[in-house]
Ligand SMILES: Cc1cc2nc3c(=O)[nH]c(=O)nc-3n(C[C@H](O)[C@H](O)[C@H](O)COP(=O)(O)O)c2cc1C
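Coming up is one lone chain in structure tokens, specifically the form predicted alone.
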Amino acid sequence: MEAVTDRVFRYMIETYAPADLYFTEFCCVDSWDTPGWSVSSKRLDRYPNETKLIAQIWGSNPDKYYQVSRYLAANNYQGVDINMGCPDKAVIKKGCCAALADNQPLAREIIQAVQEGAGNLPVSVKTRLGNKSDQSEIWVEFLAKQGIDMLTMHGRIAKDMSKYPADWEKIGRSSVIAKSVNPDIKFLGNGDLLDLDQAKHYIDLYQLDGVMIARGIFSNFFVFSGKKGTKSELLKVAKKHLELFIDSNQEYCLRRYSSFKKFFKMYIREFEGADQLRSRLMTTTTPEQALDLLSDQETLASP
């Protein structure tokens, strides 16, 4: 997720409630060999010991996809995921991401370029049921025929953004179609998942190979562990996340502190005084101010 799944947040998840796979923020390949690559490539930043990390990329230029995929293979990522599902209007206008459901020839070129550039790395696609309308049956059959290793389906069309519940019946039908075309493909579902019990139920019910949890983590940081955090635990991880955020890159951190504040909604919730503390944290202007507040609260919460 953009401005969410950076290396610091992935470290937090892996430390306190590990997942099976992680995806980077999505990186635009079209900036390759331009001054903009120094900014775009920050979304691929990782810690040296990350061993379950798939790089997520997007764009419109197959040649750039090829070059970036070669770069990812040379730098030991565990896979390459092509984002064909982002519903952002500015991205759609460029003919990228979910708009590729309306442009199969370009989608084919992109997949082939990534497969060639990635070499032995697994290549996956994350997408939606369609762009402006439900095209899932045709779209999924097309994607499965491209020989990709994994396909993740979000159960909405791009036009609907997140206005309506994800359609898991259509996700299930899409899985059947994909596996009828390519029996070796791994098929994952995505959309509105909030806990492990729900995830396991949907995997069994719709005969999936797995699921992807994204925004659901904002309802429970510990979702991958199957538990809920206590007040003491939530304050501890919030403080640790903020400390790592500050240490990771001072200049970069200060420039993005306003974006970091969304994590307070994840950690500071469902305990006595959470609403008031979260309001105070949201008014801070520097991460150091927030760290002082969290330190005070952690001291008060200690036995």
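Numbers for residues come from their place in the sequence shown, where the first is 1. The structure displayed is predicted, hence computed values, not measured ones.
FYI, the form predicted in complex with this ligand isn't displayed, but the following is about it.
Open item on the list: Can you work out which of I92, A178, L121, I213 has a heavy atom no more than 4.5 Å from this ligand in the predicted bound form?
Closed with: So the residue touching this ligand in the predicted bound form, by this definition, is I213.
Open item on the list: So, N83 and this ligand: in the predicted bound form, are they within 4.5 Å at any heavy atom pair?
Closed with: Contact with this ligand, yes.
Open item on the list: in the predicted bound form, does F26 come within 4.5 Å of this ligand, counting heavy atoms only?
Closed with: Contact with this ligand, yes.
Open item on the list: Does any part of E2 reach within 4.5 Å of this ligand in the predicted bound form? Heavy atoms only, please.
Closed with: Answer yes; at least one heavy atom of E2 falls within 4.5 Å of this ligand in the predicted bound form.
Open item on the list: Taking this ligand as it sits in the predicted bound form, is N190 in contact with it (heavy atom to heavy atom, 4.5 Å or less)?
Closed with: Residue-level check for N190: yes, a contact with this ligand.
Task: Option from 133 to 141, 213 to 221, 101 to 109, 71 to 79 whose residues, in the predicted bound form, bring a heavy atom within 4.5 Å of this ligand - done: Every other range fails; the passing one is 213 to 221.
Open item on the list: Do any residues of 84 to 110 have a non-hydrogen atom within 4.5 angstroms of this ligand in the predicted bound form? If so, which ones, in sequence order?
Closed with: Contacting residues: none.
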